[in-house]
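Just the one chain here, the form predicted on its own, laid out as structure tokens.
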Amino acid sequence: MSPRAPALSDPRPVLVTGAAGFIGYHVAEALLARGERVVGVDNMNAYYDPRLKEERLARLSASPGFEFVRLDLAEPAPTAALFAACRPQRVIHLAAQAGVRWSVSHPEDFVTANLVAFLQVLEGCRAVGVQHLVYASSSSVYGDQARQPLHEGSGADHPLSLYAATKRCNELMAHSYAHLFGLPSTGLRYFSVYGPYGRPDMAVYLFAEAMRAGRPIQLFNHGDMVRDFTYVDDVVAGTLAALDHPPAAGPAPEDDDPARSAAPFRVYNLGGGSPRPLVDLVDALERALGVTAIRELVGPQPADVRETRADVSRLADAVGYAPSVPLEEGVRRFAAWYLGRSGR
């Protein structure tokens, strides 16, 4: 659609950026299911096969409560026009250039999509008085820390990739707008999200493709990696719960916790809460797909961290977040979707 002013009888919508992406699709679908009006935005780039994005978008477009705008959020004038036209009440900003390893070879993509575009979103929120901005950060901001589990007060100033650096910058940018303009914002540090309609460059999908084709899968750091795998339904539940609880301004925190502020600003971990070795993921995929993986143990990647363990207690205390899908069940659901596509 072209940006247009909604009818006076329309409720102000939720704007979901990256709506044709993996998490954005699931979040938009859940908002529609609970009766929200959703305006979805995506630039439909070709970082991975756009046909998967089109498939997600087609499912969303079947709902009368969904409208779609194809737009590059890094463009100031069109983004400002979008905000002025739909005047969203709340914004869930999930559009970004993803891929830790991709950021090593394509740094310009991350500056444009993750920094320039985020600035335009912040400006749009300020211009129309958005009541709450929820945006995707990442567990990558923590870098490679020996002290686990990771909590929001842990240091986040030594990222190992430009991708992680841009996500940390998003948190700092959001804080400045919360302080200067009173824009309530919540950053969610997602941990290793997986599930149906996932990105083809993510481990679960990559491994499934290789295993079904009889190709070896590469286990970096010789397989000695731990991840707090988080099923997408738990991510959606946590994201919507956060959306429904905008932070308020208050007294300055007594400690130097970077995730808290006197401004209406918060940052939370959003993970599965049950970290597992990478080999457990492979074992679960073998059972769910009915094939045996050819495992190739290789050295570490410079942008990868060895271990992520999420302390999700703050999000649980703030909004009642309680992840419920264990790895084996989540992998089974992913495999059922994967095998069901195109008669695999």
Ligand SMILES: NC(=O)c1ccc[n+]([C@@H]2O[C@H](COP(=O)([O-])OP(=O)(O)OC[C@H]3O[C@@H](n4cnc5c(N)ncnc54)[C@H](O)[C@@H]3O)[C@@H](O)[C@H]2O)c1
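If you're wondering where the values come from, they're calculated on a predicted model, not measured in any experiment. Heads up: residue numbers just count along the shown sequence, starting at 1.
The same protein also has a form predicted together with the named molecule, omitted here; what follows describes it.
*Asks:* Quick one: is residue 334 in contact with the named molecule in the predicted bound form, heavy atoms, 4.5 Å cut-off?
*Replies:* Output for residue 334 is no: heavy atoms all beyond 4.5 Å of the named molecule.
*Asks:* Flag residue 314 as yes or no: does it have a non-hydrogen atom within 4.5 angstroms of any non-hydrogen atom of the named molecule in the predicted bound form?
*Replies:* Looking in the predicted bound form, residue contacts with the named molecule do not include residue 314, since no heavy atom lies within 4.5 Å.
*Asks:* According to a 4.5 angstroms non-hydrogen atom cut-off, is residue 103 in contact with the named molecule in the predicted bound form?
*Replies:* Residue-level check for residue 103: no, no contact with the named molecule.
*Asks:* Do residue 323 and the named molecule share at least one heavy atom pair within 4.5 Å in the predicted bound form?
*Replies:* Answer no; every heavy atom of residue 323 is more than 4.5 Å from the named molecule in the predicted bound form.
*Asks:* Among the candidate residues 136, 178, 150, 267, which is the single one with a non-hydrogen atom no more than 4.5 Å from the named molecule in the predicted bound form?
*Replies:* Looking at 136, 178, 150, 267 one by one, just 136 meets the 4.5 Å heavy-atom criterion.
*Asks:* In the predicted bound form, does each of 21, 71 and 95 have a heavy atom within 4.5 Å of the named molecule?
*Replies:* Every residue of the candidate spot has a heavy atom within 4.5 Å of the named molecule in the predicted bound form.
*Asks:* Only one of 150-158, 73-81, 125-133, 178-186 gets a heavy atom within 4.5 Å of the named molecule in the predicted bound form; which is it?
*Replies:* Contact-bearing stretch, as computed: 73-81.
*Asks:* Even though the chain is shown alone, can you say which residues of 198-234 have a heavy atom within 4.5 Å of the named molecule in the predicted bound form?
*Replies:* In sequence order, 199, 202 come within 4.5 Å of the partner.
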